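Single chain ahead, written as structure tokens, the form predicted on its own.
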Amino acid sequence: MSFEEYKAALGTSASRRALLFRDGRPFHVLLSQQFSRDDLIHLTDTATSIRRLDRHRDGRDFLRGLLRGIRVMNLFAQPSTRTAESFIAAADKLGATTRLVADIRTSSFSKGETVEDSVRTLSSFFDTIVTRHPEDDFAVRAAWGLQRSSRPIPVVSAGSGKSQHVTQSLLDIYTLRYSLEQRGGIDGRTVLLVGDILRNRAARSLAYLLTKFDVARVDFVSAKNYLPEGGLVQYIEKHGIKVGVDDNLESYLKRRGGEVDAIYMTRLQQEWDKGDGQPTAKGGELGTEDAFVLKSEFRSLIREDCVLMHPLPRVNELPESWEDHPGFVVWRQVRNGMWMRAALFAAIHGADQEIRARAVRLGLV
């Protein structure tokens, strides 16, 4: 199968499942669309089991024996200390060892080596590769290359260009389930995504995952240049979910703020203005324009139980004054990233059922 055929096959649900799962478990993690509702519930429940087991010494010792001997390579061609450390901490919780390459100028990529040759080489030393890269298709190409090798190992995308950030969306769904648990969960909710939707891979990945639930409505508020592409809107609508698009946050909240159950704020992705996905040069003015900042005075326009989220880093779009709001869960979101990525490693390497069984025996779930 050529790369073009492989990539095209990922566009249909049946072939996508066949290519990215093995024995019902995720193998490669490349797209939010690859997960079903049952997959998401299983992963989030596994994350909860890990979180609760980790509170106790015996539980921690049990967890750290599960993936002993598994080696994880974190290949990060884009800077993100938070995401890299989250993956490292997640692997550590289960006893796996990790290696981080955060500057590909020190690798053979700088010598012109192909993606396929590089990941085949790494597969000789590691059991899983986590990739973060400014190219949209990097993780897909890595997975395709390994599928054709004698030692295919899992590839987990930690962010591919402006395309998707799958594991961020997984932890976001976990945070939403956790935060809305006492109110009946995600089904029937209205979720608002604000900011640079066109280029924010985390926001778009979350929008794809929301279609796995019976969400009532997904709304976007963004500058006209950064509105979601038509394909994403059509995908959401195809799943029977209402979609709204607006270009002013204040006017939107005055009309619909009281109906919103969760707000997902994002920053303006100015690193893409240079075209290479690297940070804006020092001295450049960072920040979102006024119309897309969740100002403190908007507090009266939303409910006290409205969940407030942000994938980080934030600049000015979600001021610190919101941190005492009852629905502010950003720091919980960060920690949930470790639990959810640990659950993903467990599922990939076949330790998830054992984790959940132990949690049940100990009465932790």
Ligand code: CP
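Computed from a prediction, not measured in an experiment: that's the story for all the values here. A residue's number is simply how far along the shown sequence it sits, counting from 1.
As for the form predicted together with phosphoric acid mono(formamide)ester (CP), it is not shown, yet the points below apply to it.
None of 119-127, 238-246, 183-191, 76-84 except one has non-hydrogen atoms within 4.5 angstroms of phosphoric acid mono(formamide)ester (CP) in the predicted complex; the exception is 76-84.
In the predicted complex, phosphoric acid mono(formamide)ester (CP) stays beyond 4.5 Å of every heavy atom belonging to residue 337. In the predicted complex, no heavy atom of residue 93 sits within 4.5 Å of phosphoric acid mono(formamide)ester (CP). Proximity of residue 133 to phosphoric acid mono(formamide)ester (CP) in the predicted complex: non-hydrogen atoms within 4.5 Å are absent; the residue sits far from the partner. In the predicted complex, phosphoric acid mono(formamide)ester (CP) sits within 4.5 Å of a heavy atom belonging to residue 313.
Shown without its partner, this chain lists 175, 168, 222, 157 as candidates; in the predicted complex, only 168 has a non-hydrogen atom within 4.5 angstroms of phosphoric acid mono(formamide)ester (CP).
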